[in-house]
Each structure stands twice: as C-alpha cells, then as structure tokens.
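Take a look at this one chain, the form predicted on its own, written out in structure tokens.
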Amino acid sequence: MNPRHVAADFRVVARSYLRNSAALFFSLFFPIILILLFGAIFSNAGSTTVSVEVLNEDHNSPASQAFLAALSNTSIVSVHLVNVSTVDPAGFAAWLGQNGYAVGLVVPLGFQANYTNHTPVNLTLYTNPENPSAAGAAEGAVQGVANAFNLRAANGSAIVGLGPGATVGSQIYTYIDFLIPGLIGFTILTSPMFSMVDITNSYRKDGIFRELSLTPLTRAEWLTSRVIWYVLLSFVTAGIMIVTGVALYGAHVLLTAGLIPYLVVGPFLFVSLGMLAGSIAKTPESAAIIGNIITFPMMFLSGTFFPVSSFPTWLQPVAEVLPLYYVIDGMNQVMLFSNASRAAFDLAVVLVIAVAIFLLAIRFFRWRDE
C-alpha cells in the first residue's frame, strides 16, 4: 500500500466527483431535502390531534353530549359532529372513505337510556388501515373515556391513573432527534453503494480497469482511495443534516467524538460492499439488481425512518442481521443516549463486517476479466 498512489488516485476521484452535478446533488443537496421533507412531516408527531367524525344517532342526548365532550377534552382527538339528516348511518363507512376521513365514530340510538339503566351499549369506531397511528390514538381515547363513564356509573373512584407523558432518552427529544442519525446512516449506505456498483461495471465495460492494470496502482490502493473519499463525504453530509435539523427544527443531538468512528467505518463497509457486489455481477443489469437487493432492505428495515422496536416481532430479528442497523443504532447511542458500552458493541460488529467485506472485495475484484 503506497500512500502516494492512494493520494494520487484520491485526487482523481475528487475531481471527477466535483465535476459530476448529479453526484454533487445527491451528496450535498439531497440530505437537506430529506431533512426538510421528513422534518416537515414528522416534526409535530405526537402533538397533533386526530380528527374524528361523529355520527350521533341518540339525537344529542345529554349523556352522548357529555361523552363526546369528555372525548374532546382528552386533547388526543378533535370531535366533528356529522349531520344525521345528510348521512345515511348504513353508508357511514363509505361516506368516510369517499371524503378522505381516517376515523369515524357512531353513537347509537338509545345511548342515554342504556347508560342510565346500566344496560350494555356499544359504540362503533371506524378506522382506516392506511393510518394505524390515528386509529390507535382514537381507539385509546374512546376506550379511556368509556372506562371513565363505566366507573362513574358504578359509583366508583379512580385509584390508578396515568401521569404526564415522558419521552425515551430525554423529555426534550422529538421525532427529528431520532430521525437525524437514521438519515445519516441512510446517506452512508446509499451514496457509496450505488456509486461503487455503477463504477465497477462502467469501468469494466469501458476498459478503464484494463488500463489501470498497466499502472503501478494496486487494487487495494484504488479501493482505499474510494473509501477515503466517501469517509470525507460522510462528514460533510452528516454536518449538513445536523446543522439543518438544529437550525430549522431545534433538534437536540450530542456532537461527541463517539460519532467519528461511525462516519469512518460506515463508508468503509459500504464502499467495500458496493465493490464486492459490482465485482460479482457479470453485467450492468445484474449489478443493478444485486445492488438494489442489498440496499433496499437495509434502507427500510434498519431503523432509518422508524424504530425497529415498532416492527412485527418476526421482522425484528431480520433487521438485526443487517449491517446498517448497527451503524444507525450506534449513532443513536452516542448522539442521544450516551451509552458508550452499547455503542462500542455496535462499532465492533460494523468493523468486523467491514474488514471481512473489504477482504472479499479485494479477493473478487480483478483489473482484467479472466
């Protein structure tokens, strides 16, 4: 490994990259777009109320009005009464879907009479499977108010209650704080992977590798210069995302030295993985397929946008075998939770995988096809 050879090839990589407008866009501007987009969508997650369209068939009886007032006072849902004369109760579900409403509630006829006589009465809650968060919030609110009304009807008093909500990690954390490490991991994955898969096949097809074989540059030196370049880019994109998140959405993340190893080892891993995928593939088409098969599961199953703990139990072990999971989890540990022991474990896993993939990439990478 000759440092002068690596430095010379690094200058070539930098010049070609800086002259590529598409590469610059995805490296420098795309991270800003991601933060703006997801920050705008989720920055108020958990603080907005769920709109519930209510069809009160009990003719606005005092009991039904009291129930709906208590439901509105939960601050979880906002109640909107629907005119019974304009909506057919039998077609309420279809009406909700046609008008784009996610949640609807029907208070049945005789609600007050049944409640007064201690006769069971069932409310009907309509939810949209496309919006499970709204469905869960509305169902919890309705059930909570129903439990309170049942307790009152039985002349009981509340003993066990739920205090003010708290946030994992810190009271100040919001969704954007957890999103930043995930998006940094997203860029650490996608930029090297897609670029290296494409470069490997285009260089092979255009005969550039054959020409490089006639130079003193070795395969390891060529790959090392790419690793150094993408490490540098990871620092730039991470800085852009952190500054944008803090400036626009008031993100709270810890900038510690513990973040640096992930910005180094992460690109090292995915440059090598992209090189390996491109080396194994025989055609540009097959290379693109292999690259997508490797990349897309990691993009969505590694905790990039949503926590792995929210996945179905059968899917969580799948997420935990993906290398990007440990990159993102490690950054969460150092940027949010200050958990040095778990961060060290995540880093060790990533480093072992990275070294193994690097050695495999060197093993299968050839200047010339046999």
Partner chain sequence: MADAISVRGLVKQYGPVTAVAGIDFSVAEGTVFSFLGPNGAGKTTTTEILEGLRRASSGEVRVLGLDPWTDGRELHRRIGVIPQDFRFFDKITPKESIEYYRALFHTQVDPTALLAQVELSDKANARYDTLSGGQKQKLGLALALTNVPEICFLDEPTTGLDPHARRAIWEVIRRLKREGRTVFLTTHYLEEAELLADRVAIIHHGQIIASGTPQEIIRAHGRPARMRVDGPPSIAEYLRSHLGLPVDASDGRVEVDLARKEDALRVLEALQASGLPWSSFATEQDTLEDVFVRLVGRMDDGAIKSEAAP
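Residue numbers count along the first chain shown, from 1. Only a predicted model underlies this, so the values are computations on that prediction, with no experimental measurement involved.
The following text describes the form predicted together with its partner chain, which does not appear among the structures shown.
Within 4.5 Å of some heavy atom of its partner chain in the predicted complex lies at least one heavy atom of Tyr203. Using a 4.5 angstroms threshold between heavy atoms, Asn114 stays clear of its partner chain in the predicted complex.
Proximity of Asp88 to its partner chain in the predicted complex: non-hydrogen atoms within 4.5 Å are absent; the residue sits far from the partner. Contact between Ala257 and its partner chain in the predicted complex is not found at the 4.5 Å heavy atom cutoff. Picking from 176-184, 71-79, 104-112, 214-222 the stretch near its partner chain in the predicted complex, with a 4.5 Å limit on heavy atoms, gives 214-222. A heavy atom within 4.5 Å of its partner chain in the predicted complex is found for one listed residue only; from Ala148, Ile293, Ile208, Val236, this is Ile208. Counting a residue when any of its non-hydrogen atoms is within 4.5 Å of its partner chain in the predicted complex, the hits in 1-18 run Asn2, Arg4, His5, Ala8, Asp9, Val12, Arg15, Ser16.
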